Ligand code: IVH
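One chain comes next, on its own, written out as C-alpha cells in the form predicted on its own.
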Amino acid sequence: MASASRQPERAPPEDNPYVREPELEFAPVEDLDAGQAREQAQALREAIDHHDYRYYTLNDPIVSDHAYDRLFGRLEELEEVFDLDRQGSPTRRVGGPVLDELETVDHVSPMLSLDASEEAEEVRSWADMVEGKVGDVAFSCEPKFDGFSIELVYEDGQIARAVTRGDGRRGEDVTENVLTIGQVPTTIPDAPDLLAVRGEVYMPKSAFQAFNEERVQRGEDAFANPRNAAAGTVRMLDPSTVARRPLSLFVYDILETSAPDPDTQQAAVERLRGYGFPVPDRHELVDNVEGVIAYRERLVEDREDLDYEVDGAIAKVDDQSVWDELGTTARHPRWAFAYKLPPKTGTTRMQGITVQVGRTGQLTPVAMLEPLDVQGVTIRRASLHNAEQVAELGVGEGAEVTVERAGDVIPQVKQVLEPGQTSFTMPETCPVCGSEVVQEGPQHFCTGGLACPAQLRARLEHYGSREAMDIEGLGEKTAHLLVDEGLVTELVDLYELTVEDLVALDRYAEKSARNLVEEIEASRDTDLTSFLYGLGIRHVGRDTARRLVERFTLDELMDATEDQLREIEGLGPKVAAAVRRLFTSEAGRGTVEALRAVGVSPRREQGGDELAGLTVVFTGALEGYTRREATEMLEHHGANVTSSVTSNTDYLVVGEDPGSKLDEAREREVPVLDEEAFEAEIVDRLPP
C-alpha cells in the first residue's frame, strides 16, 4: 500500500501573530528594550520557521513573498541592533562566515553504504536470506536518490551540526552550508533531547538546468550533472555562495534518538514527517520481494517525470525490531538492499577515437561523440575500454552508436547501430610522452612511468587525495598546473615547492599558496597504509594496502618476494606482481627512497581487536593526548569512538572544561572516566 505523498501540516506555533497576521506594524526598534527585542525575535523565528516549512516542504505558502520578506527583515534588524545570538535562527540561511576549512567530526552512528545490484535475482536472494533468518517480513520501499548523503544532529530540538557521510565513521562539518537549505529545520518543537537523522541533499533537475544556464551566461563551466552540483556546493567554504544555489533535501532514516525507537521503518518516516522534515514522496510498504521488484519497475517508468535524480529503489525490512538480529557486514546493513535502475542511454554519432593515458599508464580508447543529451547531462565522449572492444563493436568515425551512462563514470558505447570507418589501431608509442607502448593481455601500457606527464598528473592527484596523503588543495586542476608549469617532474618535487613558486602562478594568492605548502609539509608525517595507497600501485586499493602493512614494514615490503606477498590471504598473483614490480623497478624504488630522504616518514600501524565492541565518547581537553591521537589509538584497536552520548556508549572520557556530554552521561548512567582512569581502564589493556 502506498503512503500519501502529501505532507501533513505541522501545527503552527500557538498565539503567534506573525503566522496568521504577517502584515502587523512593527514599533520602531529604538522603542524596544532588550527583553522585548528577544521576545519579538523568538516569535519571528518561530513564524519564519513555520513559513519556511509551508513553502519548502508542503509547497503551500500562506503568506505573500512581500509579507515574508518584512518578517525576515525585521528579525535581521533585531538581531543586528540588539546583538542577539543567531544560533538556530533562520537568518543563518543567508550564509555564515567564510570557512578556512571543513572540520572532520565523528558521526553519532555509522553511515554505512547499501549492498546493491541491477539483477532481480540478487534482490530475491537477499530477501531469501532475510526470511531465512527472521521469517516472513514486509518491506518499506523508497527511491535511492542520486544526491549527497548528510547526517543532521539535533540537540534539545535545535540543530547542532550537519556532517557529510565521509568514510561512514566520520565526515566533514558542513553545518553553515546546510543551514542555507530551506527544507532543513533549524529548530524542532517537542523534539527529543538527541535526534540524528540521515538524508540526501540534491539539486532538483529543473533548478539544475536553470542554474547551469546562468553559469554558462557568466562564462563559467557547467556542472556535469545535478549530483556533482549538489556535492560540490555542500562542501564549499563560503556559505553565502551556497545560499544562492538551489539545493533541496529529503530525510529518510532516524540514525539515533533519545526517544523510544520506532517499531517500523514506516513509523520512522511518519515520525520524521511529524518533525517537519521533507520525506520521500514515493514511500511504499509492500508485502514481499515481488512487491519490491514491482515498485522498482514503476520507478523506472516514472523516472523521467521526477524532478530529482534516482539511481535505484531501496528496500528495507519494515520491522526494525529484527534489524539487530540481521546485523551488518563491515560495509552494509543486512536489513536493506538497493535494487539499481538500468543505466540511461541515448543515440548519437562518433566523430573519431582518441587515446587517453591513465595514472597507471594504461591506454584507453575514447569515443569522441557528437554532443548527446541524456536526461539533462551532455555527453561528448565515451569509454571503449580497449582495442579488442573497439574491434568487437566495429566502431569508428561516423558510426551511429548507443551510449549508456551509469552513475558518475565515463559513459560507455554499448551498441553500434550503423558501422563507420573501422581502421583504428592502438599506437605503438605513447601519444603524450612518446615512450614505447607494451601490451599485457587486452590492455596497452605506456612505459614512460612518471616521466610521462599524463601519468604524473594523474599520479600526483591520486597521491594528494583524502584516502592517500590527504593534501587539501592538491586536486586535478592543481596537479595539472604544477606538472604543466614544470614545478613537479616527480613526486618528490612536491616537497621542494615554496610559497614564492606558487604565487608566481596565475591561480594562487599568498594565502592559498601558503595553505598548500603547509598541507604538503604536514603530509611528511603519515601512516604506511596511506603512503602505499598514495604510490598508486596497480591493483592496490586501501584495503589491500592495509593488509600489506599488517604483514610487512616498509623495508620488508620493498624486499619481499612474490611468494612472500602471496602468503597474505586474498592477495592474488596480479597484486603480488604489481607490488614486486614497483619496488624492483628503478623508478618505483627510487621514488620511495627519494620521498623518505626528504622526510616523508610513513608510520606502520600496529592495530588489533583488543577494544572491539567498545564505544567511547570524549569531552574536554586531555593533557596527555590530542583528541585525534586518542581517537586514532582507540579505533586502531577496534573501538568505536563517537561524538554523542547514547544508550550504546560504554564510557565517557572527561578532560578539562567538559561540555554538556557530562550531564548526558550522568542522566544515562554511563560510566565516566577522567584521564587517569582512562589510561588504567582502557589504555593499559593495549599491547605495548
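Small disclaimer: the values here were computed from a predicted structure and weren't measured. In this text, residue numbers run from 1 along the sequence as written.
Keep in mind that the form predicted together with this ligand is not shown, yet the notes after this line are about it.
Asks: Using heavy atoms and a 4.5 Å limit, would one call residue 114 a contact residue for this ligand in the predicted complex?
Replies: Because a heavy atom of residue 114 falls inside 4.5 Å of this ligand in the predicted complex, the answer is yes.
Asks: How about residue 253: is it within 4.5 Å of this ligand in the predicted complex, going by heavy atoms?
Replies: Yes, residue 253 is a contact residue.
Asks: How about residue 142: is it within 4.5 Å of this ligand in the predicted complex, going by heavy atoms?
Replies: Contact check for residue 142: yes, within 4.5 Å of this ligand in the predicted complex.
Asks: Closest heavy atom of residue 151 to this ligand in the predicted complex, within 4.5 Å or not?
Replies: Output for residue 151 is no: heavy atoms all beyond 4.5 Å of this ligand.
Asks: Identify, from the list 296, 316, 344, 161, the residue with a heavy atom within 4.5 Å of this ligand in the predicted complex.
Replies: In short, 316.
Asks: If the cut-off is 4.5 angstroms on heavy atoms, which of these, 457, 165, 580, 227, is the one near this ligand in the predicted complex?
Replies: Contact residue from the list: 165.
Asks: So which stretch, 397-405, 122-130, 105-113, 67-75, is the one near this ligand in the predicted complex (non-hydrogen atoms, 4.5 Å)?
Replies: Single hit among the candidates: 105-113.
Asks: For the stretch 181-214, return the residues whose heavy atoms include at least one within 4.5 Å of this ligand in the predicted complex, in the order they occur.
Replies: 198, 200, in sequence order.
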